[in-house]
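Consider the single chain below, provided in structure tokens and representing the form predicted on its own.
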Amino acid sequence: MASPRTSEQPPPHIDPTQAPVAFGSWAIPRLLLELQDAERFTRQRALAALCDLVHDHERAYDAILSGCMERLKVLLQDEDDLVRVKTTEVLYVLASHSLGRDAFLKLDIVGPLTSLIEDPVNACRKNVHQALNRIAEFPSGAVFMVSMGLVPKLVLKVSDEEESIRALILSTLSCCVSVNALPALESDAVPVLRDQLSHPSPAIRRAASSALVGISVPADGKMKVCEEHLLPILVKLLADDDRGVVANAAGTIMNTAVITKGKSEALDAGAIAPLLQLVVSENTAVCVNALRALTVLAEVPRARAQLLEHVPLLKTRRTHPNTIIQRAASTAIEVISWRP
């Protein structure tokens, strides 16, 4: 005669590592209560469930408005590695929302988050830098980070981190430099960035060269680029396979060549020939930066004489459908054709 048996296996589609989620509007409040539980496993399960929920935009906004960010700020100091990893992961997802970024700044979550850049767990550090990078992509976030003195800490971490995290740090630095380049200059960031320009990873080269564009805007930055003998390296990068690296290299040459020393070093490095080749690029940033770099270099008589024979090539860019390229080409032709 058959007898009933109870399976020892958990029901299908139930993850034992996640806390059960309450129905409807009770889901977030229930998880927030569990985040305050003294039991470590309960906090871990609640964070795992919350991490899944906040990928839904409506649930993410519910979590932010329900006070989730305040509780996550406390959990950043938790002794458990998994709790810190999941906490930073939730914060990284919430940082993709404008309401979440506002909460980061209003509740001063950036400070405690920054303290974890020395965390021993790689996954935690990566989540931290992903969150910081998302915040820095917006001017208000970048200004906040610069004001709290984060730039020197980021500069020190560039050479120590693994590739995936290093690219994030450099990207965040680039955002911070775009609003204020002086802290990076005072932290001696230029030699650090120079060393990353030869890295085999395109993402790292792209982020490092992007930061140099911002650093070369102020006069002190232009001089520092010249002092570190970066222009010959940047000229070589004009032939890089990555279009972002090429555009950034041309942009840094353009900025640095505003000063006399920058013009002289760029011309000595042979910048004109590769820049002329980039004029016909269909990548807008590459083409425009190359045209503007040539315009600045054309202020030197010997460069202007060399560029005069290439005016027909530049005139072809005046019929380009993109008005930015049209204006850049017209300005270049005007400067090159100028007679004293």
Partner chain sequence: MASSLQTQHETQSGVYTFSSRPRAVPNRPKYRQSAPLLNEEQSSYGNIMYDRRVVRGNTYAQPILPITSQPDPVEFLKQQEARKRALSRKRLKEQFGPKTPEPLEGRMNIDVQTEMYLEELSDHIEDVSVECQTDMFLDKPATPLFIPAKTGRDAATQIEEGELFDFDVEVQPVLQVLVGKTIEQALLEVLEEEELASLRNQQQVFREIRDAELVEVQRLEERERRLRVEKENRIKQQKAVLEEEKETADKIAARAFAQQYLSDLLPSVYSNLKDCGYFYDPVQRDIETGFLPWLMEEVTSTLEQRYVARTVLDMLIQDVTNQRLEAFQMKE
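Worth saying up front: this structure is predicted, and the values here are computed from it rather than measured. Positions refer to the first chain, counted from 1.
One more form of this protein exists, namely the form predicted in complex with its partner chain; it is left out here, but the text below deals with it.
The stretch in contact with its partner chain in the model of the complex, judged by heavy atoms within 4.5 Å, is 258-266, chosen from 107-115, 187-195, 258-266, 79-87.
Contact annotation: of the candidates R40, K315, R302, H55, the single residue with a non-hydrogen atom within 4.5 angstroms of its partner chain in the model of the complex is H55.
This chain is displayed alone, yet in the model of the complex one of R71, K222, H199, K126 has a heavy atom within 4.5 Å of its partner chain; that residue is K222. Using a 4.5 Å cut-off to its partner chain in the model of the complex, each of R134, V217 and T331 places a heavy atom inside that distance. Although the partner is absent here, Q36 is not a contact residue: none of its heavy atoms lies within 4.5 angstroms of its partner chain in the model of the complex. Residue contact with its partner chain in the model of the complex: R30 places no heavy atom within 4.5 Å of it. In the model of the complex, its partner chain stays beyond 4.5 Å of every heavy atom belonging to A167. Contact between L231 and its partner chain in the model of the complex is not found at the 4.5 Å heavy atom cutoff. Contacts between stretch 278-315 and its partner chain, counted in the model of the complex as any heavy atom lying within 4.5 Å, involve T284, A285, V288, R292, T295, V296, E299, listed in sequence order.
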